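Let's start with one chain on its own, the form predicted alone, as structure tokens.
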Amino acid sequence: MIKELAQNAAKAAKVLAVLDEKTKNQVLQDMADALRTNAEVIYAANKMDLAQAEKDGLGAAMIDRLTLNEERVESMAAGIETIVSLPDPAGLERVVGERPNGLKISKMRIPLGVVCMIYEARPNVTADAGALCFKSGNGVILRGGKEALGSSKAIAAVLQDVLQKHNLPVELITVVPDPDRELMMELMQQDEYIDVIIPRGGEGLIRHVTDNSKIPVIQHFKGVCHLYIDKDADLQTAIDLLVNGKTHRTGVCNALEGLIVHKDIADSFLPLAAAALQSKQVKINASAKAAGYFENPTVIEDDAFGEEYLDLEIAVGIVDDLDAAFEHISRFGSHHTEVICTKNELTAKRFQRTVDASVVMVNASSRFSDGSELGLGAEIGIATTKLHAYGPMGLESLTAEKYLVSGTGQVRA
């Protein structure tokens, strides 16, 4: 079944590779409309997934990711409409230059081919990945976790119905109908038909895919995101960034998991942070230096940072200077998103230049580390390995470049 599924997706992708942008955009707009029209069907499927999740004792973060409501379905539809408004990267050319022998060199963006998404309790990935891959000229195979299978199948059925109405192969957006692990292992061996695998989920899933796939993997590791409060920070801005980054949604990869504070500003900032976090019922895990500013914190060792809590919980530490902040982030960060709060432009520039993360922010909430918020419409995910993509993956990240060489009969001596 899996080999046939992969073959059909590869065959369908060849049809899409020659589809014009105007037709793509009409199909996508119809998909957005269809999601809204069929919202009740999607809610019903999601309700069954949620009931099973509660029965299985899934954690709050997983259930939050799994839950679909009117706002989230509308967000999926609006994300597709943004993709409609963006230029199709496939086929775009850029000039590289001309050689002394007269050869003219350029590069053209081309689809990757077939993208395989392996993900857990994130039914929105079905719509986001389906639309992004369609616009960029790729077929997509979606292997969701059992927790979201009903929701994912319902969303995919809506998108496939639109494909069918436009006389396009439904295999352009394929859902693996069985979440069995053995089938996933077989899927990861289909390197003849699948061009790249993108896993989204827990660290265990991503390591399993990386260790067992014969197909190139673009990793989307956990989000251990830090907020560094510089000695030149504006205190109110710092509090706003902290509260929004930690409590706006806790079960997502761009939520804050670590707070590090310059020692010179600790006495003025940390009491404010303690009050703000306490009002939101955030559990505090603090280093010995930082613990005294909080009521009933859990004191942790200096090597115990780096946890992805995905809950109302955060780790807090104090550092001596900017270099110590760099060292902390380098040791405990996950190359996802890092934020500095400062009024010092030189410090801000040094932070952005030095910190190794796919998104580095100055005086902005970590929650903006998201494809839709950064103008990509939606995202496949946030790549944390520096291959051809690093950070939120939108349309361009789903393409590669090939060289185009034009001559007038030149031969190599």
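All residue numbers are counted from 1 along the displayed sequence. The model shown is predicted, which means the values in this text are computed figures rather than measured ones.
Here the subject shifts to the form predicted in complex with a further copy of the same chain, a form of this protein not shown in this document.
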Applying a 4.5 Å heavy atom distance criterion, does E71 contact a further copy of the same chain in the predicted bound form? no
Counting only non-hydrogen atoms and a 4.5 angstroms cut-off, does E301 reach a further copy of the same chain in the predicted bound form? no
Quick one: does F368 come within 4.5 Å of a further copy of the same chain in the predicted bound form, counting heavy atoms only? yes
S406: heavy atom within 4.5 Å of a further copy of the same chain in the predicted bound form? yes
From the list M48, L387, A60, V41, which entry has a heavy atom within 4.5 Å of a further copy of the same chain in the predicted bound form? L387
Exactly one of D33, E345, D56, E373 has a non-hydrogen atom within 4.5 Å of a further copy of the same chain in the predicted bound form; which residue is it? E373
Counting only non-hydrogen atoms, which stretch in 283 to 291, 233 to 241, 165 to 173, 260 to 268 is within 4.5 Å of a further copy of the same chain in the predicted bound form? 233 to 241
With a further copy of the same chain taken in the predicted bound form, which residues across 354 to 372 come within 4.5 angstroms through any non-hydrogen atom? T354, V355, D356, A357, S358, V359, V360, M361, V362, N363, A364, S365, R367, F368, D370, S372
